[in-house]
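The chain below stands alone and is given as structure tokens, in the form predicted alone.
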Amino acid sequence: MTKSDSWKGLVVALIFAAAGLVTYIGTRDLQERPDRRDFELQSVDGRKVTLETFKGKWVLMFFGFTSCPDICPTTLTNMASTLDAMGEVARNVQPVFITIDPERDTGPVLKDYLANFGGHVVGLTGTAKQIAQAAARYQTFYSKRATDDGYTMDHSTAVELISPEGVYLRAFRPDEDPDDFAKELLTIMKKAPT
């Protein structure tokens, strides 16, 4: 064995050791710090709301805006139908709508808009900075786009599921069939540790 071969072997061993250490640290961090994506926003009546506010409930969170012509009302209608399909278990689920258009979506506007979707959706708003921080934590992207009659908001459309302990679990498509969505949620809820 030459000196060159010895060095190559040592370098390979060090690379594997470093990879093992990184994997261990990453796994340990996940166990010690579950995926909590906290935020600070305001309810439609101006009260401070954080992720802790919903502790003990399963949260279905959606970012949108009340002037949205299609995706937002369709998604909120699907969420309401999903809760209906879940029956009594739906008492443990809190749908949350976070506006990405605080300029137009004031507390009263949000309250009136959300009353059209079963009356159980909590509307949240905040400063532009607070909303941007919350959206970034849930990998939701949005931007204002000028139109002939003012502006609209382009945005991503996932429905986020958060456990009763405040841990982000997964995202759902906004056009998920309500019956299928209800079955998936019920399966996830049954598997959750009690």
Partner chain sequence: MRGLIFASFLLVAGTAHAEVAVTDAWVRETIGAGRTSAGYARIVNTGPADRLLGVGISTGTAEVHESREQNGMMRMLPVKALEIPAMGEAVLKPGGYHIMIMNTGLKRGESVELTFTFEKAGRITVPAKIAPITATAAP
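Note that the structure is predicted; figures quoted are calculated from it, not measured. Positions refer to the first chain, counted from 1.
Same protein, other form: the form predicted in complex with its partner chain, not shown, and the subject of what follows.
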request  = Just give me the single entry in 35, 154, 38, 165 that has a non-hydrogen atom within 4.5 angstroms of its partner chain in the predicted bound form.
outcome  = 154
key: Interface stretch in the predicted bound form with its partner chain - options 38 to 46, 66 to 74, 51 to 59, 124 to 132, non-hydrogen atom within 4.5 Å   = 66 to 74
ask   = Using 4.5 Å between non-hydrogen atoms, is residue 92 touching its partner chain in the predicted bound form?
value = no
ask   = Looking at the partner-bound form in the predicted bound form, is residue 138 within 4.5 Å of its partner chain by any heavy atom?
value = no
task = Indicate whether its partner chain has at least one heavy atom within 4.5 Å of a heavy atom of residue 84 in the predicted bound form.
result = no
message = residue 173 versus its partner chain, in the predicted bound form: is there a non-hydrogen atom within 4.5 Å?
response = yes
remark   = Applying a 4.5 angstroms cut-off on non-hydrogen atoms, the residues of 103 to 132 near its partner chain in the predicted bound form are 112, 113, 116, 117
